[in-house]
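Coming up is one lone chain in structure tokens, specifically the form predicted alone.
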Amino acid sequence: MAGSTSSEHGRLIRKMETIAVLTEPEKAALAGLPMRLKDFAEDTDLVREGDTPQECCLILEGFICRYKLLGQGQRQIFSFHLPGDIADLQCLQLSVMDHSVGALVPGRCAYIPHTALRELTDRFPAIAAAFWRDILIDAAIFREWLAGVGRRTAHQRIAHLICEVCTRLKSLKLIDDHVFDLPVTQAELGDALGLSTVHVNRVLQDLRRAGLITSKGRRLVIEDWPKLQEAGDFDPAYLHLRAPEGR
């Protein structure tokens, strides 16, 4: 990669390399994408349901969720997104957002014009295929979460989610071990996993008592990775990662 590659473009390239093989010209092309940088506050919507965006939003810092508000104000979280993710990539083909993308903590993003992304994918079919693969992996994550909400116990759902976030962070080289910040409230975990806040609290206490995790504030430590995987019925195959964590 060229030495002039910005840290912002580097985030995108690193993410894409977790799911696809990129040549040096393809990396250089990604490094040349125009970006409009923006800082955002906690509980900020980056893209709203009903919007017709002309840009895609690349997450640079923070912890993002994809969600939908129901008629009585109830929220269902569909997935969590990490630095390097383009959480609204489907907008290149679907002109109207049918859900929202919101920030759970303060962070930073880069908006990339659709015109630039379309020109890029026209010139580099392998990048177009990598973006398509990224969207398919999002769909695989949705299926896994749906299976969890429909058939896994509360303990399995929470253990599975912790394993997923840890695996994805490691693949992005954002953490080295099984220690990371999980900036999600118990209410937000409930919105993601179909559980009450009280139930989430009880399960987390059970996982601590079993010696599987410890936590202090947002910092979470996985004390026994094999047993947590077993407790969560976690198989990372659905993440389709090229990194060792995903094999």
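For every residue, the number given is its place in the sequence shown, counted from 1. Keep in mind that this is a model prediction, so the values were computed, not measured.
We do not show the form predicted together with the DNA, though everything after this point is about it.
A.B. asks: Choose one stretch from 179-187, 44-52, 60-68, 28-36: the one whose residues place a heavy atom within 4.5 angstroms of the DNA in the model of the complex.
C.D. replies: Among the candidates, contact is made by 179-187.
A.B. asks: Since only the chain is shown here, I'm wondering whether Leu92 would be in contact with the DNA in the model of the complex (any heavy atom pair within 4.5 Å).
C.D. replies: Because no heavy atom of Leu92 falls inside 4.5 Å of the DNA in the model of the complex, the answer is no.
A.B. asks: Taking any heavy atom pair closer than or equal to 4.5 Å as contact, tell me whether Thr153 reaches the DNA in the model of the complex.
C.D. replies: Within the cut-off, so yes.
A.B. asks: With heavy atoms only and a cut-off of 4.5 Å, decide whether Val198 touches the DNA in the model of the complex.
C.D. replies: Heavy-atom contact with the DNA at 4.5 Å: present for Val198.
A.B. asks: Does at least one non-hydrogen atom of Arg157 fall within 4.5 angstroms of the DNA in the model of the complex?
C.D. replies: Arg157 belongs to the contact set for the DNA.
A.B. asks: Kindly confirm or deny that Arg202, Gln205 and Arg208 each have some heavy atom within 4.5 angstroms of the DNA in the model of the complex.
C.D. replies: Yes, the whole candidate spot contacts the DNA.
A.B. asks: Residue by residue through 106-122, which ones have a non-hydrogen atom no more than 4.5 angstroms from the DNA in the model of the complex?
C.D. replies: Heavy-atom contacts within 4.5 Å come from no residue here.
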